[in-house]
Structure formats: C-alpha cells, structure tokens
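Next up: just one chain, as structure tokens, the form predicted on its own.
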C-alpha cells in the first residue's frame, strides 16, 4: 500500500512542501509514498509551488485504513478524520511532541528548529539522496516562511545553514529578495474572505480542557490589515461561538517585529496572565512576539493551568 504523507489542518507552506519532499525521499528509499494535504494551498504556498514548478498535493479528508507519515505536527487536534484507524509509519516535525500514539515502532525526526523542512534537508543528507532542484526551492521558501526570514525566535543556526545549502541547489542567488517577494504575496488581503484570512494559518489547542483557537496573519506592514480588522474580529467571534473558550488572532508585523493580538474569550484575563500586559479593548500589542509556537502557545498553556 502506498503511504500517504500529510501535514496539519489549514496547511501552510511548511506543511505542504514537507509532504511533497518526504514523499519524494521515501520513494527514492524504496518506500511507496505520495503527498496529501488537509486543504488547498494558501496564496503564499501557491506562489512557491508555481515558482518552482511543484504540484499541489491531493486534498484528502479521511485517512481511515491508510498508512501515514505525519509532517509538521503530531497533535490529534491537527489530524484528519480517521487518524485513529490509520497506521502511522513516521513523524517529521519541529513542534512539541503531541498526543498521537502508535501500535508499532516508527521513524521519528522531531528537532527543535524553526521549520520541518530544515529537518527534511538533513534527512536527504542522512540517506544520501540528492535533493531535486525544484524541491530544494520549496524547502528553502518554507524555511524562510516559518522563520519569518530568520527574524523569528524559533530560528536556529541549522535553519540558516539549510537555507544556504538549499539556495545553491535551487539556484537562488538572493534569498532575502525571494523572502520579501513571498511575504508580499502572504500579506495580500484583497479578494479574500474573512474566513479565509482567519483560517490561513489557524490551529486549535486543548488548554487544560478548554478548546482554544489561535490564528496568525503575517504581513510586511500592519496597516495593510486596517480595512479588514473589524471583519476579522467578527469572524473570530463567530469561530469562538462554535464551542471554543477563546479565539486569538495574531496580526504579526514582520518589519516591526511584533504582533497585535485580537481577543475573543470567556476569560480575557488569561491574556494578561500569559503576557503580563492588559488588553486595550479588543486587542493587545505584544512587542517582539513573532512565534505562535514558541512565544504564544506555551504562555497560554501556563495561564490556563
């Protein structure tokens, strides 16, 4: 049976490119595999796929009875329908180890780096498999995206070294120019619905028994979102009404290196508890906060205990 390689819900560039790359690597190792996704690519991911001539993975909604490789997550809350009836063969990730369990031993590559694609670059090296030029370009862009062009506190020397090596393979001479091009696409809000914007990079978490949603929009200038901020707030209010304790939306300014957080919560005091800063009305500015994984989720997990 061909194994399915899939990332998390509301897939970002790391999740999509990781699936493509791990499927490629597995096939070259003699393990039949194909990439899948839990949703359509975001505008940023479409830009990357088109730039390097890569094909978007097939959208798969139910994985019951499948053999699976998980990339860019290991939390059941981020898994597709049927994961309990799937056989998990491997995990490649850069987040905390989640609550996925298996009945058989499996291959796990989980590293404390800024992007799953940094791990995958090392996997190609470890197995002595050459990285195709187009996949190298995709891996490079995913690392630039996840590390916010090396500005995120999640970024490590391993991420920077991987980008340097991948740029040579992909034939990219100016990685920062490519990164800015990519983030301008990511910043675009014209024509997108409020739902699409909120769920462009959104994850649900279990915080001490409370369902908490945290989304993030990264833009090159926060003023880009001025016209849609009220609409975004209405949308996260609607999302919270679907049975969540709280929904938070990070509006991240990559040039100012900080985030405005929109807040809808049964207990807004958790924000001050988590960050030591009292919200002003519906939001709070968090200077230096760029990473949901490293700076937001751990703070909220402590605040909800």
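What you see is a predicted model, and the numbers here were worked out from it, not measured in a lab. Positions refer to the first chain, counted from 1.
Here the subject shifts to the form predicted in complex with a further copy of the same chain, a form of this protein not shown in this document.
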(request) Have a look at 130, 107, 221, 174 for me and say which one sits with a heavy atom within 4.5 Å of a further copy of the same chain in the predicted complex. (result) 107
(request) Would you kindly say which of 164, 181, 196, 99 lies with a heavy atom within 4.5 Å of a further copy of the same chain in the predicted complex? (result) 99
(message) I'd like to know whether residue 122 contacts a further copy of the same chain in the predicted complex, with contact meaning heavy atoms within 4.5 angstroms.
(response) yes
(request) Answer with yes or no whether residue 203 is in contact with a further copy of the same chain in the predicted complex, where contact means some heavy atom within 4.5 Å. (result) no
(request) Check whether residue 282 has any heavy atom within 4.5 Å of a heavy atom of a further copy of the same chain in the predicted complex, and answer yes or no. (result) no
(message) How about residue 151 - does it come within 4.5 Å of a further copy of the same chain in the predicted complex, if we only consider non-hydrogen atoms?
(response) no
(request) Work out which of the listed stretches, 182-190, 109-117, 207-215, 230-238, brings a heavy atom within 4.5 angstroms of a further copy of the same chain in the predicted complex. (result) 109-117
(request) Residue by residue through 126-145, tell me which have a non-hydrogen atom within 4.5 angstroms of a further copy of the same chain in the predicted complex. (result) 126
